[in-house]
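To begin, one chain is listed below as C-alpha cells, in the form predicted on its own.
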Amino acid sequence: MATKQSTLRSVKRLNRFGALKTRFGAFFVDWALWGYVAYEIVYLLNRYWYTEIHFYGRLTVPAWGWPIVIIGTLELAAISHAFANSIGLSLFGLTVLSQDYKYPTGIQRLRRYLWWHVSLLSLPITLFSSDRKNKLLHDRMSDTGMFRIKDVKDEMPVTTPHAWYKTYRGMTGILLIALTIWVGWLVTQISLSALIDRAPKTAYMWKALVTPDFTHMFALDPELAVNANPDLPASIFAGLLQSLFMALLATALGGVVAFPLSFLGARNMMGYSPMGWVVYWLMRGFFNIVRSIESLLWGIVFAIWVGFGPFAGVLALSVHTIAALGKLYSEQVEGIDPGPLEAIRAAGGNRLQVILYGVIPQIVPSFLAFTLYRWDINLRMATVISLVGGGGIGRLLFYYKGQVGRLDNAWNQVAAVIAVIVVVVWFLDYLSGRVREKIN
C-alpha cells in the first residue's frame, strides 16, 4: 500500500463535546440501520413461518428476546465502526485512524472494539475528567482516534480505490435495498400472476375507456336529474367550470394571504431581533405543518364544516395553497440580492420602503411564476378533492364510476370525463408554462 510522506502537521480535532455529538450521530445512524435490518428479518421469519409452517402457530418474539435484539444491533454497529468505514461514519465525514494518521491494524481495531464497551459504561467519567480533550477511552487504549476526513485528507495514506459494491458501504447498501424490496413486495401483496391471469377480464373496461361517450358533455344527463345528489353538476361542462373556478379562487385567495405571510417567514426580513426570530420560526412551523396535511384531508374537514360542495373544495385548496406558496415565496425573499436593500437603507429608507422598493421588484416575477404553477396543481387536486365532497368535475367522475354494473355505458361516461380532464389540464399546463417562460 503506497503512502504519502506525512508532514504530521497539527490537525484540528473535535473537542470532547464535539466528538460526542458527531460520534453519537454517526453511531445512531448505523444502529438504526442494523435495527431496520433486524426488523425486516423478523418480519420475513414471521411471514414465512406463518404461511409455510402455520400449523405451529404464529411466530412471536418473547419479551426477553427484544433486549437481545437491541444489544445485538448495538454490537453490530460497534463492529462496523471499529472494523469498517460504515454508512454512519461516511454521512458525518468521519474516519478512524491511528495517531500517525495511518489506517489502524487489525489488533488496534480489535482493541478499539473491546475497549469501546468499557468506554460506553464509563462515558460520563472519561468525558468530563479526561485531560486530553479530543480522545475518549477507547481512543487512548487502542492508540487510534476519530478524525474528520476534511481535516486529515492530506495526511491520510493513499490507497487504490475499490469498486463501490466491494466496499462495506456498498455491500450494506445492497443488503438494505434488497431487504426493503423483498419486504415491500410482501407488504404490498404484489402478484404478477393476478396481473396476468385477470387481464382478459378487464378487456371490456379498456374497450369502454377508449370509446368515451360525450353525449352529456353539455346536455343534462337524465340519470343525474333523477338519481343524483343536488351537489352534482348538471353536465360534464358544468363540472369542468366548477373545477376551473375552484382552482382559480383557491389560488387567488391562497396567494393573497401567502404574500404578506411570506415576509414573516423570511430569515432576512425577520432576523433582526429576538421577537423577529420567534415570528420567523412560528411562521415557518405553520407553513410546514399545514402543507404536510394533504388537500384531501382538508377537504374532509371543510366538507363536515360547511357541507359538501365546491365551497368546501375551495377552502381546502386555499388552506393548502397558503402554506405551499408561503414557503415558496419566503424562500424567494431570502434569496434576493441584498445590494438594493442596503442602498435604500443608506439613503434613509425605513423598513416599509425597503420592502416596497428593494424587495418586491425582485420577487414579483418568481411569485407570478409560482402562482401560475400552483394553479396547475390546484386544478388537478380539484378533481381528487371531490372524492370527499369537494364538488367539481371529479364528482361526476366518481358518480359514473359508482354506476358501473347498473348503467351499460358507465365506463364510457367515465372515459369522457377523464378525457376532458386530461385535455384541459394539458392545455392549461402548456399555457401557464409559456407564460412562466415570458415572466422569467
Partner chain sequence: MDEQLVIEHLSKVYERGEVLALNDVSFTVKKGEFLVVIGLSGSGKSTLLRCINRLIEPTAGKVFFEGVDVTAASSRELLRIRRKMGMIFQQFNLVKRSSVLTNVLAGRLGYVNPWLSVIHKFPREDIELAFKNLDRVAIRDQAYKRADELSGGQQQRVGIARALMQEPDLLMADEPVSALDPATSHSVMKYLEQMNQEDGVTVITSLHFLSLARRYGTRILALKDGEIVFEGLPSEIDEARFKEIYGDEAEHVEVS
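Numbering follows the first chain given and starts at 1. Please read these numbers as outputs of a predicted model, since none were measured by experiment. The term rigid core refers to the maximal set of C-alpha atoms that superpose within 1.5 Å between the two forms.
There is also a form predicted together with its partner chain; it is not shown, and the following applies to it.
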With a 4.5 Å heavy atom cut-off, would you call R284 a contact of its partner chain in the predicted complex? no
Residue contact check: A347 to its partner chain in the predicted complex, 4.5 Å heavy atom: yes
May I ask you to state whether G170 is within 4.5 Å of its partner chain in the predicted complex, using heavy atom distances? no
Although its partner chain is absent from this view, report whether L220 comes within 4.5 Å of it in the predicted complex, heavy atoms only. no
At 4.5 angstroms, heavy atoms only, are D337, E342 and P365 all close to its partner chain in the predicted complex? yes
Which among 328-336, 351-359, 158-166, 239-247 is in contact with its partner chain in the predicted complex, heavy atoms within 4.5 angstroms? 351-359
Relative to the superposed rigid core, does the CA atom of R351 travel 2 Å or more between this form and the one not shown? yes
